[in-house]
Every structure is written in structure tokens, then in C-alpha cells.
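Shown here is one chain on its own, the form predicted alone, set out as C-alpha cells.
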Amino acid sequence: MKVKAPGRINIIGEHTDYNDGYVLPFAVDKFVEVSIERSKRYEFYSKTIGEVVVLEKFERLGKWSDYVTGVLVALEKRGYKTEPVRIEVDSSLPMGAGLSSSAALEVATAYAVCEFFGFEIPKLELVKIAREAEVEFVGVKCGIMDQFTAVFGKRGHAIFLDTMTLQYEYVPLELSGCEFNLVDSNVKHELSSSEYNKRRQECEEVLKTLGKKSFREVTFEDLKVLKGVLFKRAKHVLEENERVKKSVEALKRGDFEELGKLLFQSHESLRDLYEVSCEETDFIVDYLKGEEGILGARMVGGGFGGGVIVLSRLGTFERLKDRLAEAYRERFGLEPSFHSIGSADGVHRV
């Protein structure tokens, strides 16, 4: 039996999902594929990496297989007992580009195991199981957006998600002569995971300082109380939430000039206020800004490397990507990767 789960790209709403904020992702037409069959032992094989992992017991090994093991552990905690299986993983998702390959792997594994053993688990619970695998087992304190999108994605639509209430709305992706692309910087700085968790701690410190339980209680007036780093982190979250709501309206009315401006503003905030950008992704965004036909661009994902989402007029990006690659090579001695981005449905059997 085979299952496919999509990656996701977030149009806007970065580092808001774990702060009870708004996000606007869509599932992308690049997937993690998982096949499952009975075995005498728990055996996981990655075709992409070419590695087999055999487990005598469920334990964290500090490698890709932890995302699979974490799902089995989360299921077991809920009383869903599995038996030894061989799980084979293949992927068309670029790793570390900000398309959330880890969430796709978690969701594909969870769905495949549930289908295989006949566990009837609601979609939203599947999302929570996949997220728990990453937060509690792998140890990355992510929000719920990535796993939610991998489950609830709908082709031809973005998802306007309130991560506090988990209420959501499908917003048509009628791009009318525009397109999304992704530039992968092919850089992942070592501090990415530690700094990501540090940002979460800083946001928790904001709430503690203000005596608030959630960022949804925080107002722009509250910013006057904050100083230094805490001021910057809070300002980004509040303004990014406003940008998401404006982006939804821009998308609905087909105002791609406005949507593009909001993407550029988001990147500036991620660079200057949340401080999760890096020299390489800044270079890509700065290069694209001002190019004819480029409407907007910003870093996506946790930061410190990874990808840049680009909104452009149809065909424009294709004509300039060779020049961008040459300039990037000259500056950093690295080769960027380019990916066209289409939308897709959420997790499903093949």
C-alpha cells in the first residue's frame, strides 16, 4: 500500500503559527511517498538517502527516521498498537528548502499506518499526531501549519488558517497570469534549529512580560511596554498577522501587485525584526526586487537558509533565473535550485 503527502509553501504568515496567529499556505505538487508492508521487525528505508534503519525499540537516533518513529510513538500513546512493518520512503520534495518535507513525511507515515492497521482516526487528530511526532519526539517546537496543510490541502486553493481556533477557509488560487516559484538557496546554517526554538522562547517571554496567555490578546499598544529583542519579536508577529489578512483579501480580488508588496514587507520584517533571515536569502530577495515582472518575494520556512517564494508575472521568472544564478554563484560560490510551484490535494492513497 502506498500513500502520498504533499509539502507546503506558505504564501505569508511566517513564525505566526506557533503564536496563535494566521497563516496562508497551500499544499504543493511535490510529495513524500510512503509504502508499508508487514515485516519481522520495524525497518525504515529511505530511497532518497539510500539508508535502512532497523529498530529493536522505538528510540530517537537523530536522523530522518525519527519522524517515522515519532508517529508510531504518538499513535501508541493513544492506544493504537502497531506490529512490525517495513516502511519505504521516497520523495520529490527538496529537503531544507522551506517546503516542509518533515511534516509531509510525518503525515504520510501516520496516514499509511492508520490505513494499513485499520485505525479510524479523524483528519484533525491525524494532524495532531504528526505534529506531536515533531514536537515531542524529534524536539522541534513547530506550530501546526505544516501538518495541517499536508492533511487538508486542496488543489487550486490556499488555506487561510487561524492556528488558535483551527478554523479555516479555502481561498481560490486564481493566479490570472501570475505564478509562484521557489528559489532554494541550498544553504542551511547550523543554528537553524536552536535559533528557531530560541524564537519560541522569546515569544513566550513576551507573553510573560505582558501577563497575557496568547498573542491574540496582545495589542499594538502593548508594544510600548516592551524593549529590545522582545519588542522586535512581538512587532513582527502583530504586523505579520495583519499582512496575512490583507493578503487573503488581495488574493480574493486578484490584486497581485498588493500581494507582492506584502511579501516584500514580510521579508523585511523577518530580516529586521524577527532576525531569522540570512545573507543568502537576503541577496536573492534584493536581487529580485525591482526586476520587471517580479511582484514579490520573501524567505519561507524557519529561516537561516532554505528557500525564497517568488510571485511574478507568468514567464518572467524563467527569463531571469539564469542571471540570478550567475550573480548568486559569483557572490557565494553556490548553485541555487529553482522549483515551479503548483497546488495539490492533501494526503491520499496512491
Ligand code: GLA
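In this text, all values refer to a predicted model and were calculated from it rather than measured experimentally. We number the residues from 1 along the sequence you see.
Beyond the structure shown, there is the form predicted together with ligand GLA, which is absent from this document and is the topic of what follows.
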| property | result |
| --- | --- |
| Answer range among 75 to 83, 257 to 265, 137 to 145, 203 to 211 for contact with ligand GLA, defined in the predicted complex as heavy atoms within 4.5 Å | 137 to 145 |
| 4.5 Å heavy atom contact, G301 and ligand GLA in the predicted complex | yes |
| Distance check, F180 to ligand GLA in the predicted complex, heavy atom within 4.5 Å | no |
| 4.5 Å heavy atom contact, Y328 to ligand GLA in the predicted complex | no |
| 4.5 Å heavy atom contact, D20 to ligand GLA in the predicted complex | no |
| Ligand GLA: the contacting residue among F160, F152, F215, Y196 in the predicted complex [heavy atom, 4.5 Å] | Y196 |
